[in-house]
Every structure is written in structure tokens, then in C-alpha cells.
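Take a look at this one chain, the form predicted alone, written out in C-alpha cells.
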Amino acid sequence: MSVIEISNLTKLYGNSRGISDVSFNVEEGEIFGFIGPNGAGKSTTIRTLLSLIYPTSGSAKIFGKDVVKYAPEIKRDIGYLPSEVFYYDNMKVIDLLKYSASFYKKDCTRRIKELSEILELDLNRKIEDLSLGNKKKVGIVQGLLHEPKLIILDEPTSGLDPLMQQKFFDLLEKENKKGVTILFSSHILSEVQRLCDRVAIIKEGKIVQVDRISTLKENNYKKFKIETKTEVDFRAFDVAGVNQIEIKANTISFIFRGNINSILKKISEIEIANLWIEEPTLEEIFMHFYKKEE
């Protein structure tokens, strides 16, 4: 069952680019990655999903219901953490969280206490006295306090120190084991690689790839490093399928996508001292989609 269904979703801002024909599904119980650099269209897609802005064309459904028509009903079961959080400075953390809980018409006292202890958040401090990282913790608790069925995260780790990021990831994995579906939007590829089952890559407002992370890493790409005994004209490797060429002395490194036999045939034409073939990282694969066009 698809918890999120996005079909040809388009949002235009006059002459400015927003998103165009974005389509992907997120399945129930999945941790789905949504990656792209800042300005690629991640936040626009998410805000359209949440009916914070309305689409120019196309459609989106959450829990099988249109996100515009059934927005209030859908939001009862969604937890959302935006990339930046803003609050009333003079409120105490506990008062803010109780106020947020009141919208769900349920007693969230136990849940607030549990989450604040995990994240080491002082509930009695005023918002204005909190650091950026602690404000982000408030946002995390606010997004999870009502035990949502779907969690939507937009660049969620900004401001968190590495130790707290680890606790946050553990928390997300625990929620996922309960059956919660997670849409995890980020430009930090190591986070997506660690947490997610599948990923959509967005570039300049358009989806360029949707696939399992294991497939991206294992089936389509290989990382080559070649050390030669003598000087070689490495321009011979400037062929289709070869990307991210790096040359240092008698060593060349690159990412290859395609029929591996064809590149091995090319390598066999030179005298090599050593050869390494490895699985590339997600970041190296990601850069393939963002290489500059000549």
C-alpha cells in the first residue's frame, strides 16, 4: 500500500522554477529518501504535500486521500519537521508542546516526557534561551508527540551535534519498526544511505531517478582506480559511461556506468601496475546526476 502517491506534481512561481512533473510513491512502513542540493525542489514538494502551498497541476495523495481536499483530516496522522523551526520566544518548551498536543485532542504527556528524555531536552527552559540545536529538538518532539503514522522530515539534522544525530536516527529507526512510514529529505547523503530503503533524486525541480539504494550502489556503477607503470594518455578514458575522472601522477580514478566488459577491454590496452574495482558510495553516484554539462 502506498502511503504517499505523487503524480506529475508541478508548482510554478511565475517565471521562477519550482517543481515540474514530480512523481513517486512511498510505501507503507518504508523509510524513503528524498535527496538533492538546496534549491532542487525538495521543500517545495514537501510543502505542496502538506497543502502549505497549492500545486499548479498534478496531484498528490496521502493515505489514499487527496492532499488538498482532505488536508485537515490527513494532518492528524502526520508528523512534520521543517528545515527551520520558529516559535514564540517567551514560551516555555513544555507550554509550547502542550499547546501543540491540544490540536490532536489526546493526552501526550507521557510521550512528551519520553521524547524529551531521549533528546536531553529541558522542558522548563524558555524558547528564547535555547540554542539552534535545542530548538531543533523541540521541533522533533513536536513532530512526534502525537505518534503519527507518517513522519515527513525536511533537512532534519541541521543544528544537531553528532551524538544527538545518532540518538535521532535511533529514534527514527525505532518508530519505523513500529510501522511508521518516513519521508526523509536531505542533502547529506551519508544520512540517507544509512537510513533509507529507496531514494528519489531531484535535480532542478525534476525527478531524475527513483531506485533502491542497494541497486544504485551495486548494479549500475563501479568505482575504478588504475595505477600504471608508465605515463599514459588518460584522455583515452574520456568515453561514454566514465564520470568524475581524477588523475594524480600515474593513477587515474573514475566512476563507470555501463557494460563492465567494455571498460575492461579499454584497460587491457595499457600496462597496469595495479587495479582496484569497488562499489561507489551514494555520494559518488549522486554526483553523477549533478555533473556539469559541457
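All values reported here derive from a predicted model rather than from experimental measurement. A residue's number is simply how far along the shown sequence it sits, counting from 1.
One more form of this protein exists, namely the form predicted in complex with a small molecule; it is left out here, but the text below deals with it.
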State yes or no: in the model of the complex, is some non-hydrogen atom of P37 no more than 4.5 angstroms from a non-hydrogen atom of the small molecule?
yes
Taking the small molecule as it sits in the model of the complex, is S51 near enough to touch it, meaning that at least one heavy atom pair lies within 4.5 angstroms?
no
Report whether the minimum heavy atom distance between W276 and the small molecule in the model of the complex is within 4.5 Å.
no
According to a 4.5 angstroms non-hydrogen atom cut-off, is K42 in contact with the small molecule in the model of the complex?
yes
To test your reading of this chain, name the stretch in 247-255, 227-235, 43-51, 62-70 whose heavy atoms come within 4.5 Å of the small molecule in the model of the complex.
43-51
